[in-house]
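Single chain ahead, written as structure tokens, the form predicted alone.
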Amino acid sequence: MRNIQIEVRLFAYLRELLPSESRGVKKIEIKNCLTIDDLMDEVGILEKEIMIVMINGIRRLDYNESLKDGDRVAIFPPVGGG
């Protein structure tokens, strides 16, 4: 099975899961047919830490959707404050 390359963008405190020099953005190579849910496991994000997932600028609610080569995945945590 061939691998594909995607770009992952993490926001707020999730950025700490990537190396600091990446500034929250990193291109990674993953297995073809990996889902959003699988990606979260691979990056180390718990589902309860996620508020919004966007692929190529479009919000996704189904985390079982497969990722495609060249996809840009943005993951936002819940934000609090006043």
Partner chain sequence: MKICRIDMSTKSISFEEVKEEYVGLGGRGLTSRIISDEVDATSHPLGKNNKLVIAPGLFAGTLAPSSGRLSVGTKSPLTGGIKESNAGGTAAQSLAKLGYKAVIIENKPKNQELNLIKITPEGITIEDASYLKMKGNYEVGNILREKHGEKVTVMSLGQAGEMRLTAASIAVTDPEGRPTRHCGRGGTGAVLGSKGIKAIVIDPGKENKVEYHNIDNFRAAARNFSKSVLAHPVSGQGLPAYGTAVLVNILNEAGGLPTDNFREGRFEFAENISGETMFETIEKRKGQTTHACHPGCIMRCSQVYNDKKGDYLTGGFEYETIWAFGSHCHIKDLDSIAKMDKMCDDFGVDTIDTGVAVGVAMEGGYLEFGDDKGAIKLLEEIGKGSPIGRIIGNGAAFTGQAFGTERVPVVKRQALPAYDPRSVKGQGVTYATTPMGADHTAGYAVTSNILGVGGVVDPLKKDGQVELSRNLQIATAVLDSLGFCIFVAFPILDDETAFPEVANMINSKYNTNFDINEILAGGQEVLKLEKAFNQRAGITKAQDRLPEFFKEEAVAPHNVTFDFTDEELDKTLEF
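Positions refer to the first chain, counted from 1. Bear in mind the structure is a predicted one, so any value in this text is a computation, not a measurement.
If you look for the form predicted in complex with the partner chain, you will not find it shown, but the lines that follow are about it.
Of the heavy atoms in Met54, some are within 4.5 Å of the partner chain in the predicted complex. In the predicted complex, the partner chain sits beyond 4.5 Å of every heavy atom of Tyr63.
Taking the partner from elsewhere, Leu17 is found to have every heavy atom lying beyond 4.5 Å of the partner chain in the predicted complex. Looking at Lys68, you'd find every heavy atom of it more than 4.5 angstroms from the partner chain in the predicted complex. Taking the partner chain as positioned in the predicted complex, the residues of 3-26 that bring a heavy atom within 4.5 Å of it are, in sequence order, Arg9, Phe11, Ala12, Tyr13, Arg15, Arg23.
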